[in-house]
Structure formats: C-alpha cells, structure tokens
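Okay, so we've got the same protein chain twice, two forms, each given alone as structure tokens, structure 1 and structure 2.
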Structure 1
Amino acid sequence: MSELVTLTIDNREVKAAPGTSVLRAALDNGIYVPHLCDHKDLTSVGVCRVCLVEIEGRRPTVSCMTPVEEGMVVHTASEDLDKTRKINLELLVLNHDYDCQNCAQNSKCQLQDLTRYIGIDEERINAMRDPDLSWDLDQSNPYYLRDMNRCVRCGICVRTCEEVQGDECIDFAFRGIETTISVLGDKEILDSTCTTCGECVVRCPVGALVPRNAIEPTYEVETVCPFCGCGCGILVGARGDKIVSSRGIPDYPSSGGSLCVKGRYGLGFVNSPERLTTPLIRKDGELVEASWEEALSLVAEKLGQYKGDQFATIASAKCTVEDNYVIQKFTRAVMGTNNIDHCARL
C-alpha cells in the first residue's frame, strides 16, 4: 500500500491517499469546501467551478480536479475566492426555479447549501434573468419527475447514467443559454432507453429529478430486496405502518448501493389492503385463516399423496441460490423426481 500524502488545509495537517483530490481530502477531514458537480461515485469534471481553492504557489485551482501532493498548502477561504465563487454561483442559479418551498428537495438541496454558504445578490440575478427560459415538466415516467427549470447543468445525472448504469440514455443538448439535459431526439424520458433505475434521481443535488409523491419516512429498516436472488441491500423507509421509500445501502457487498426499478420503486405492493398476511386453507369449500403450523401440516399431508413423476416443482428467481439448492434437493431426494424447472434457466 502506498504511503499517505501529507498536506496542510486551512492550517490543519491532513493525510490522504495518493490520487485523492484536494476536495475529497478536505471533506474526508471535516473541512467544508463548497461544491456541486462532484460526487464520490463518479469521475470529477470540474463543471460548477465553486470548489475553487488557493494553493500556495499557484493560481486559484479547481479542487475536485487537483490531486493531493506532499507538502501542499491549501486555503479554502479568502476574499478573492468568495468573489469568484459568488459569480460562478450566480451563473448557476440564473434561470433556476426559486420556488423552493414546493420543491421535493427543499432542505436537502445542495444548491441551498451553497447559497447559504456563499450568498447571492437577488437583485443582480433578477436583472440578468432575460430571456426567462422555461421547460415543460416531464411527467412521462411513472416513478419520477424531470423538471429542467430546477436543473443547474452539473452533469451528475449524465455521468451516473454512463458510469454507474451503463445506459447512456441522456446527455447535454443544444448550446449556450439553451443548453439542457436531454434524451435522443429531445423526447420525453419514457420514450428513451431509460431503465428507471433511479440512480440519477438519488444523486441529483437539486430538485430537477425527484420521486413522485415523495414522503419523508420517520424511520428506516435495513433489509434485503425481495424481488430476485441477487440479494441487494435496501433501506426501507416507513411512516407509521406503511412503506414510503426504498434506497440502496451504500457499499453493500452484493449491490454496491445500486438498485433496479423494482427494488427502488416496486415495494408498494406491501401496502396493498388485499395482501395476504396469514396463511389460508380451504375448509368446506371456503378459504379460512390458519396458523403456519396448520398450513404446513396440510401441505406435507397433501405432498405425501404424490410419488415420482406425479410431482413437479417450479423454482423461483426470487429465491437465493441456497434456497433453490434446497428446493431441488427436496424434489430429487424426497419426492423422487427430476421434474424441476426455474424461470431463470435461459
């Protein structure tokens, strides 16, 4: 393992692994540097230009694109930095929708964090908001909304789609003040190759991409996604006795924090009033509630009436490898048949 690099940030000696950006070295050591387009899961591009720092012996430097060096001395705040950051921030919010109270990202928005830290001159911005551009709200996707009026063109969604999901369904489009994030042909998102994984939604730093009908959970429970045998780790958010959200567990061994459309948006069936919550068995032609012991005993009794090729098993892709192994062992060793199939065999 390479030795750590020692540098000084705001008169504090910190250590970081070689290749770490100055921005990450500062953030990892509890030193705040304003930033917007950088994300720990993605490559750095230095688009927003608000993470500027002063490094002794150099001009103001984009910290997310600058690797640490031994003996480097970094200053994250100065009068010149404040002025430059303020101008760059004004350009980012120039045509941004100010209706923060009605935004699903309110209080969780990185742009709000930046404006609190850097400050903006609303009078200057209003004087520059001409022409006043506006984009139609894209409501085509059943699980999330795209509001380009709240987009700051940081490109996090574009890099997420390319680097994390490998889909590349969105990219920068048009030029100048009309630059936007679009799919091929500038269509609605539902008409693109988007798989609705939601990876761009969870990384969007502002309110341009938000889940539909987002509800804040009162608590979260760590569990495993029920939809397939991959075993992705999820944090299920609940309010009262209803599930209201689902998100990936960061750095989870089997999924790395990523989820598909089912794991992120498909848990609503749990809240269905028609969902069975107890076993049912048929008595006198009627389905009645029963205990698990009673239901399992009945199943065992019925299975005992079949032998060999009279019996067949259909296994499930929702089961783990271990569960499916037990199922095939039961079919072959107990029921005495090789009549077993699985929906994922192709």
Structure 2
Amino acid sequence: MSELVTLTIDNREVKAAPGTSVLRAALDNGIYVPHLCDHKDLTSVGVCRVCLVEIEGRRPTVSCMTPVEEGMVVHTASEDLDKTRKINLELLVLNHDYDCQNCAQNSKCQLQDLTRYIGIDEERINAMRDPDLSWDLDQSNPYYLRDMNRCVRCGICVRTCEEVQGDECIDFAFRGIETTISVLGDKEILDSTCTTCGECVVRCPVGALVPRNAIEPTYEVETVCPFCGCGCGILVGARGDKIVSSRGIPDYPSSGGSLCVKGRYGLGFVNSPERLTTPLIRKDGELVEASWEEALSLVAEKLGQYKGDQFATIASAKCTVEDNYVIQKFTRAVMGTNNIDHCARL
C-alpha cells in the first residue's frame, strides 16, 4: 500500500489513496459533490459535468476525472460553480419525463438528489422542451423495463455492460438532444445480445432502467445462489412468506457482487404454486396426499425389506453439504450398501 495523499476539501483535511479521484475522495469522506455519470465500479468519463469543483490554482475542473494530489485545495461550492452546474444539469433533463410519483426510482433517484442540490428552473426547461421527442417504453424483457424518457445519458449502463459483464449489448445512438441508449439496430432489448444480467439495471442512477414488478423486501438474508457452481453470494429479500428480491453481496470473494440472470431474477421457483407441500403416497395407482407420520412409517417399513445391495440412492448436487452427508450416511450405515451416486458426472 503506497502512502495516502493529504488534501483539503472545503477546508477539511482528508486523506485518500493515490489515484483516487477528487470526487471519490470527497464522497468517501462524507462530502457530497453533485454527480451523475460516475460510478465507483466503472471508469470515469466526465460527461455530465455536474461534479465541477474549484481547485486552487486551476480552472474549474471535473472532479471525477481529477486524481488527488498532495496539498491540493478544493472547493466544492461557489456561485460560479452553481451557475455552471445548473446549465449542465438543464441540458441533461431537457426532455426528462418528470413523474416521480409513478417512477420506480422515486426516493432512490440520483437525479432527485441533484435537483435538490442544484435546483432547476422549470419554466426555462419547459420553454426549451421538444414536445415531439419521446421514446416508446421497452417492455420486451420479462425482468426489467427501459424507459428512455427518463434516461439522463450518463452512459453508466453502457460502461457496465462493457466493464462488468464484458459485453457490448447497448450503446449511445443518435446525437445532440436526440441522444439515447439503444441496442444494436435500434431493436427491442429482447432481440439483442443482452443476457439480462441486470448489472446495468442496478447501476442506472435514475428511473430509466428498473426491475419489473419490484417489491421492497422487509428484510434481507445473506446466502448463496442455488443455481450454478460459481456459488455467487446473494442477498435475498423477503416480505411475509415470499421471496421478493435478490442482489449481489458487494465484494463477495467469488462473485465480487455480480450476478447473472438466474441468481438475480430466477428465484421465483421458490414460491411457485406448483411446489410440493405435502407427502404423497401411491394408492390404487394414484399419488394421494398423506401425513408425514404415514409417509415416514411406510418408507421405513418398506426400506427395511430392501437392505443391502438391492438398494440404491441417487443423491443431489442441489442439496446442501449437510443433506448429502446424512443421505450417504443413511445409505451406508443403515441400508448397508455403497450404492450411492449423484449427477456430478452429468
């Protein structure tokens, strides 16, 4: 670890690792600097230009693109800065469809934070608005919605797709005020190479990319994805007796906080109405519901007649370590055979 750099932000002395941007140094030390297009997991690009700060001895600078330096003196607020930020913000929201009450991002939205800080002049914006410019809501994906009328063209989704998921499913399209994010050939997202990993959805700072039918969980539990051998760490949210959400555990050792479509959106099977909820016993050729007592005593009695090598167990790689231990112990110690395998070979 190299030495920390010491600098002054708004008259407070802060320390940061070399290479940290002035923006991150401020945010990490609890000093809010308005920002939109910067994300801690991604490279900085400095396109929204609302994170401007004054550094003594320099012209106003985009703080996300400026690395900290020893002895730097930074001011994050001034009248000049406010003015410039306001103009920059207005350019971003010219055609923004402000309907916070009906927006899934309401209260978590970074544009709201910005607007609160900088303020906008609604009349001026309305005067500049192009009433004909609106995009269709893309509802093609079963797990998330794309509403480009709320996009602030920060490019976080484009960089996420490239830098986190490693693909380039989406990109900027058109120019100037018509700039938007689109999939190749301006098709619907479902017809693209998008794998629905949802990484861009969790990073979009506004309500342009939002999960469908999102329900806020009342509590979350740290556990492991039930699908593949990557074993990503997930935070599963529940409300009442239902699973309602899932997100990556930040900085998890195997997955680093990322997930794929299955771990993020695929847990619906748990609350499927088709789940087995009671033992079933075959009577007169039909499987009928039974109590645990009845089922356990029938199985115990029957298995008692087939001890030894006429018995076999197929265990499951979907079950836990503890489940598998008990199952093989039962097969070997109670049923007296090593006839046990699971689908590892498949």
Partner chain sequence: MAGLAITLGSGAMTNTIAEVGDAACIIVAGSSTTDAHPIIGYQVKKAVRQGAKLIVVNPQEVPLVRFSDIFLQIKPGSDVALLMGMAKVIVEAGLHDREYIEERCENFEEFRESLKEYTPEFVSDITGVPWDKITEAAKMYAENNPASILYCMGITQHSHGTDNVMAISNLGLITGNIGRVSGGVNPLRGQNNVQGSCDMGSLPNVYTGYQQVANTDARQKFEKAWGVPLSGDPGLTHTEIFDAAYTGEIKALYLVGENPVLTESNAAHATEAMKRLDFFVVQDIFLNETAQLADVVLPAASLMEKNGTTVNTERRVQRVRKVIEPVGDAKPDWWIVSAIANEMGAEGFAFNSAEEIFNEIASVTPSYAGITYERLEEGSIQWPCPTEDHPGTPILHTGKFNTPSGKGKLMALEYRPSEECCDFDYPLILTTERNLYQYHSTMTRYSDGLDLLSGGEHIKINPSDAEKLGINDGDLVEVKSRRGDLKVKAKITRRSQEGVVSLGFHFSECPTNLLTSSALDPLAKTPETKVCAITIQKA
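The shown structure was predicted, so the numbers you read here are calculated from the model rather than taken from an experiment. Start at 1 and count along the sequence of structure 1; that gives the residue numbers used here. Just so we're on the same page, rigid core means the largest C-alpha set that superposes within 1.5 Å between forms.
Between the two displayed forms of this chain, it is structure 1 that matches the form predicted alone.
Taking the rigid core as fixed, one finds a CA shift for Asn338 of 2 Å or more between structures 1 and 2. Once the rigid core is overlaid between structures 1 and 2, Glu13 does not reach a Cα shift of 2 Å, moving by less than that. Superposition on the rigid core between structures 1 and 2 places the CA atom of Gly30 less than 2 Å from its counterpart. When the rigid core is fitted, Leu280 shows a C-alpha shift of 5.3 Å between structures 1 and 2.
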